[in-house]
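Below are two forms of the same protein chain, given as structure tokens: structure 1, then structure 2.
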Structure 1
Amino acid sequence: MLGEKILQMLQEEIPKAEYERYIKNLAYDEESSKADEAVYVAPNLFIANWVKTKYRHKIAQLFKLQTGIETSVKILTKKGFVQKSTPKEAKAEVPSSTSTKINPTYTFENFVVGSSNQFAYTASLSVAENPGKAYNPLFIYGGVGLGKTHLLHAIGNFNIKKNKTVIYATIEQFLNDFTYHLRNETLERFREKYRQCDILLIDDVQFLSGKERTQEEFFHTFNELHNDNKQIVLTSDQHPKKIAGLEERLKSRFEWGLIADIQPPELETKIAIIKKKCELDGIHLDDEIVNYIAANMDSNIREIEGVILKLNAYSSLVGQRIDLSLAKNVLSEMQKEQQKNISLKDIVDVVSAELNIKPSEIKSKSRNRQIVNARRMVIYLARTLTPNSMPALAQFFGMKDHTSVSHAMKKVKEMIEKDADFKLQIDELAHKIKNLGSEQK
């Protein structure tokens, strides 16, 4: 059967995990398909939306390759597909849920949870399970690329399965919609879209700043939804109190429910995120490579995912196995690392903060084991990241001569060779120090 053959061809071109999780569940409906139209049936709306979003055009290309005919591809659900039904019957079977574009790959199941995002994750899941009841609104804030949008879409996907009406939009899209309908005198259509949903998900509300007319409209939209016990979830890069140019009445309403922040992921969570991304995309990376990426990348999850995808693409194009050397080269290209003006004070400050030791203690003559270890780490990092000579470092620490510096270097190198966790800690410290130098340059 041609439809099944097309899926087998697709299997050769996509990650195994995606084929097993999504494409394998499609069934080709030969009776309903035509020469220029291929119909597949998915077991649920989630899989149907995912395939439509990511691979419908690719499937159409494969049909044209085999038949020479431009073919449209339909992905229906078992519930939405009723063979030989009357128009009235077909209408009754269509799922009642409607939504804007929700990324089907952003789910709670593939969100990596760590101490940095545990609270926001738990709050989002609670809202998804009890919309309009648990916390309304839910306001999630944090830096770029930390997972705020993922949680928004996860809430959306969870409720689309329950046939809820979900609207997702960035505040820019909300603004553009509003401006368009205002210009065309069709505001009722705009209000019907945003005020008659079960769940409203709005990304990047900080961009409401200074837009008085849009703030007015959003204020009334918020009030109507909230009064009807409809769930509102908002994200921003900062706490609502700190959003400049935002009306006080909006700030007040944003604080009515629950405010949850997402912090940059700690090293363990970054490692888990990399492993999860590799699992979902069918990419194999050795632990050494995973640890190197985690230690040498910033906390922006999108950038981390970009490195993984670039590694995989580079490996496929040149036929080279992904090893540590390749990972270092790719990271070097992406980050465009340069020598930076890093001071000894920078290194002492970063290490002391990481190990919870006072900077003055590191420079002291204390023989406390923890302080001695911290001092050795500073010496090693200083020799690695700065042009300071061993005599200069000895003078900085008030040591008798450079032999003490040499001894410290030897000890740290031995620990790096014997202890993978210690090596990982040194790598991450070096990355933080480089970033600090970059900011100060």
Structure 2
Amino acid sequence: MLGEKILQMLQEEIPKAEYERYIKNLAYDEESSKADEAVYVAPNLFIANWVKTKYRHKIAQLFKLQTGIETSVKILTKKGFVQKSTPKEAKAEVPSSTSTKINPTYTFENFVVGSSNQFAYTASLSVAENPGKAYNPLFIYGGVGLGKTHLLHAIGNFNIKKNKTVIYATIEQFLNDFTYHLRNETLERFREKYRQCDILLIDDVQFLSGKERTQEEFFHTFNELHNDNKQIVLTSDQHPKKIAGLEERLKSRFEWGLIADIQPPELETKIAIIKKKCELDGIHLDDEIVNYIAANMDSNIREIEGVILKLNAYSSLVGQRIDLSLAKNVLSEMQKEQQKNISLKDIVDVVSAELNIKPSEIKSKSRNRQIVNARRMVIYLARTLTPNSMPALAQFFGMKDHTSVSHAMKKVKEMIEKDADFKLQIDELAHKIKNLGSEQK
């Protein structure tokens, strides 16, 4: 069949690992395909997205080469496929078996360990090796894109291999599942699913906040599993104590076992992670470029991966080797895109909340040391995270002229160099502000 032949042709053009991991898993859907539209089905959304970004263009080219017809390529996931042909069945199937949602590439082997994530890694590994015995629950918390979900899936993958029943769900899926079965009066099935597993992996529990009914249900799920010595692993962006709108009894249970945090990776770990990703994706980047990306990107690994993918896509599109100037361009484009979403008010709000100062005080003329310090931090962050010029910032803060802004910048830079804790604080603030932007989108 042509659809399959095309994939074999693709195999000759791309790294073996890529073919094995992604392309091999595609099934050509002859029934849905047309002369000018090729449809493939991927086993999960992850693979579908990957193929879409990296190979759809190439597959289309190969079709054109073979048939002479301009062909569009569709990559569907199984679910989308089922829904299309038999909508009724798809509906009945909504909250389906969960083990398939575990990403097979998120393994312990593929996780780069550095001092920032060592603790969470070790804790995850011992839980994976001794589920229900080591620490129960294990609670992993840390900022966006630092590897929490990866570790959760790694625990899952490790135990799927041992034929354990693993359930992975984000708290949102848990909630959807719950309301679905509640509505259909099939709560028994819901409970069966979540309470009859060896390992329950629940991602992003901060979203339980304020959802009383779901908290109640989750509380019972937790108790039952815990009583049966079944392993529970949870992740969140914050320490359980700090999750607002979460019942005390849940907070206290979340602290029963072990709490492990993940910090933003240091430069060395970032470099190692980039190299690992390149190796897995069959992409070659010179050390110079790896170092540049590591030094100039924030610590969100997901964004770093985005840069690597983009670089690779650009270079295969124009058939150009990835060099430093290309890397610089891609990075600055991405950063500009992010900057567009950040307002000065966001920065003032985040910094003042963090330092316990009123936003109005930051824009005031107060010489109070704490306020002066906060104001400087806001200015520094505004200069680095938004495209505002120094005169524009001076105007916003009601300062005489841009020299005051430049003075503040100089002070903050000095402090960053001298004081590691201060640098960490600035990084954290920048991180918070950027995430604010992405949540609003």
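Please read all numbers here as calculations on a predicted model, not as lab measurements. Throughout, rigid core stands for the largest set of C-alpha atoms superposing within 1.5 Å between the two forms. Structure 1's sequence is the ruler for residue numbers, which start at 1.
S.K.: Please identify the form predicted alone: structure 1 or structure 2?
M.R.: It is structure 1; that copy is the form predicted alone.
S.K.: Can we say the CA of K275 moves by at least 2 Å between structure 1 and structure 2 when the core is superposed?
M.R.: Result for K275: no, shift under 2 Å.
S.K.: Compare the position of the CA of S315 between structure 1 and structure 2 after a rigid core fit and state whether the shift reaches 2 Å.
M.R.: After core superposition, the C-alpha of S315 moves less than 2 Å between structure 1 and structure 2.
S.K.: State yes or no: after fitting on the rigid core, is the Cα displacement of R369 between structure 1 and structure 2 at least 2 Å?
M.R.: Yes; that C-alpha moves by at least 2 Å between structure 1 and structure 2.
S.K.: For Y22, what C-alpha shift in Å is seen between structure 1 and structure 2 once the core is overlaid?
M.R.: C-alpha shift for Y22: 8.6 Å.
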